[in-house]
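In structure tokens, one chain follows: the form predicted alone.
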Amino acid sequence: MRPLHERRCAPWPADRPALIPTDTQALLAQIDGWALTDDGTAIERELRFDDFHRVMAFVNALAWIAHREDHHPDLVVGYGRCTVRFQTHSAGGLTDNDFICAAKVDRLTAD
């Protein structure tokens, strides 16, 4: 199977449930620095930057990915940091799309 960052998001059928915990754990192992939220319905990562300008550059790059994939995260932006949270609201939890986008975010921040 192709790496997550090489895959594209696909519409999640309304009648298809969110991923089960074993699938979630397998996908979580493929992305760095992400954690399940306490309720297990989202993944989240806080990223640190040297200054606000770099945070905003990251947010703009992330916006391009979200637009291209048609899968949009929740963001909390502050000076020197940005928390990114993915979840598929229509599924009531996590789907492949959340992990695909998280892997693409990882590529943005790779050294």
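Computed from a predicted model, the values in this text were never measured in an experiment. Don't overthink the numbering: it's just position in the shown sequence, from 1.
Form predicted in complex with another copy of the chain: not shown, discussed below.
Although the partner is absent from the chain shown here, none of 9, 16 and 93 has a heavy atom within 4.5 Å of another copy of the chain in the model of the complex. When contacts are judged by a 4.5 Å heavy atom cut-off, residue 81 counts as touching another copy of the chain in the model of the complex. Though the partner is left out of this view, residue 48 does not reach within 4.5 Å of another copy of the chain in the model of the complex, counting heavy atoms only. When another copy of the chain is considered in the model of the complex, residue 63 lines it closely, a heavy atom lying within 4.5 Å. In the model of the complex, at least one heavy atom of residue 75 sits within 4.5 Å of a heavy atom of another copy of the chain. In the model of the complex, another copy of the chain lies within 4.5 angstroms of at least one heavy atom of each of the following residues of 53 to 71: 53, 56, 59, 60, 63, 66, 67, in sequence order.
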